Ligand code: PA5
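The form predicted on its own is given below as one chain in C-alpha cells.
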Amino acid sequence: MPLPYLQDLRHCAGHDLDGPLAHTRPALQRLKAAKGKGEYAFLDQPDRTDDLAAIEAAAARLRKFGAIVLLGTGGSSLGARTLAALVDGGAGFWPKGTPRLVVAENVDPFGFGKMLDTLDPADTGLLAVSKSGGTGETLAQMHAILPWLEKAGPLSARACAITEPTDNALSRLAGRHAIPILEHPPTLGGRYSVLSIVGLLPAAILGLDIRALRAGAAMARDAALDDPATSLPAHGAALAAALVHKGKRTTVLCPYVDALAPFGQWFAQLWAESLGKGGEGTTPIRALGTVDQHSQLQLWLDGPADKLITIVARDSRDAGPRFAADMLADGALDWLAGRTMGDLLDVSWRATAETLARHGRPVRILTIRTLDETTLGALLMHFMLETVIAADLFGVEPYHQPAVEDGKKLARAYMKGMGAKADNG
C-alpha cells in the first residue's frame, strides 16, 4: 500500500546527500532491530492493542461533557492539539455534538481565569497529563481547578489523570480525590508520546479513529527502516545534516494546511529538544502558508541564507468556493475569475517553492492527497524517525533534555525565596 504522502527534494538537488545518506544506515539498522523489543518505545506504539480498551472506556466516560480541559504542557499537550486539529481545523471550529478540547498549558493566571469564566463546571471534564507526575505547572493548574470542578459533583466521574506508574505528586493528588489514573508508558518520552494514550485518549474523546492513526504510523515506520535509498525520513535527516555543513542551521516547517498549524508546534518541540545539545542541532521555525508569505517570506528570500524550508501541501485544486466570473471586469482580479479558493492555495505554495529555489534556498516539499487519521499518523511517525536519525548524524542523544532542568531548579528556588519574603512581611 503506498504511503499517504510524497517527499520531493528536487529543489535541494544542488546539495550532495550521498555521504550523509550512507551514514544513516547504522541508525536504520538499530531502529529496525529494536522494533518490538521496547528499546525505542515510540517505535512500538503503532502495534499496541493492549491499551485500546482502557482508552476507549475513559473516552466514553468523558465524551458526555461539552468541554474537556486538558492540563499538560510540552509533550503532554502538543500531540493532543495536533490530533484535535483534525476535528476543529486547527482554528477552534468544533462540530456540533463534539466536545470542545480546551488545552491549558500555561500558568498565566489571567488566561487561566478567563478559561474558567467561559466554562460550566457541570458540563466540563478534566484530563491531567504529566509523565513524571511532578510537572510543576500541571500540578499548580490541577490544584487551581479541582475546587472549581468539584462544585459540580464527584471528581471520579469527570476527571482522569495520565502519569507513569510510580508514587508521584500527580498520582497522590489523583488518589486523594478518587480520580482514575491511566498509565503513561514509563520508557516513552513526552515529545514521542503522541501515538500513546497521551495523544490517543483526547483523540478518542473527540471521535477520531485511533486505530487508523496507528495504522498510518506503522505504514510510515515499516517503509522507512529497510534501506536508506528509499527511506523518506533518512533522506530528510541526511538533508538536514548536509546543510548544517553549509551553515544552514535553521529549519522552517510551513504547512499550507490550516489543520496542520498545531503540527508545526509539535514538530518544533520534537526537533529542538531532541537535537539541541552540545552545540549541535538546528533551530526550528513554525510557519503557515499563505499567512507567512506576508510576514516571513521576505526573510527567507533575502535574509541570511541559513534555512531549509519544508512545505507541506494538500491537494486543493478545484476545492472550495468558486470566484465569480464577473471578476473579469476588474483587471486587478481577472486572474481569479472562474477559479476556486483551493486553486489559489495550490498556486501559492507552488509559486513560493519555485521562488525560493530561484533564490538558491533549499526547499523540500511534502504533499498529501488528503488529511485524515492515516495520513497524520504517517506524518507524525515520519518526523519522529527523521529526528532520531538526524540525532545519530549530529552525534547527540535524542531522548533527554538535561539543560532544561537548570531552569526548573532555579524557578523552585525563586518560589521559595518569594515565600520567605512574604513570611517576613
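Just so it is clear, the structure is predicted and the values come from calculations on it, not from any experiment. The numbering used is simple: start at 1 and walk along the sequence shown.
Not on display, but discussed next: the form predicted in complex with 5-phosphoarabinonic acid.
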(message) residue 262 versus 5-phosphoarabinonic acid, in the predicted bound form: is there a non-hydrogen atom within 4.5 Å?
(response) no
(message) Even though the partner isn't displayed, in the predicted bound form is residue 74 close enough to 5-phosphoarabinonic acid, meaning a heavy atom within 4.5 Å?
(response) yes
(message) Check residue 269 for me: does it contact 5-phosphoarabinonic acid in the predicted bound form (non-hydrogen atoms, 4.5 angstroms)?
(response) yes
(message) I'd like to know whether residue 273 contacts 5-phosphoarabinonic acid in the predicted bound form, with contact meaning heavy atoms within 4.5 angstroms.
(response) yes
(request) Report yes if all three of 231, 235 and 387 come within 4.5 Å of 5-phosphoarabinonic acid in the predicted bound form by some heavy atom, otherwise no. (result) no
(request) Scan 190, 202, 216, 255 and let me know which has any heavy atom within 4.5 Å of 5-phosphoarabinonic acid in the predicted bound form. (result) 190
(message) Counting any non-hydrogen atom inside 4.5 Å, which residue from 82, 251, 135, 196 sits next to 5-phosphoarabinonic acid in the predicted bound form?
(response) 135
(request) Heavy atoms, 4.5 Å, 5-phosphoarabinonic acid in the predicted bound form: which of 243-251, 290-298, 108-116, 127-135 makes the cut? Say which one. (result) 127-135
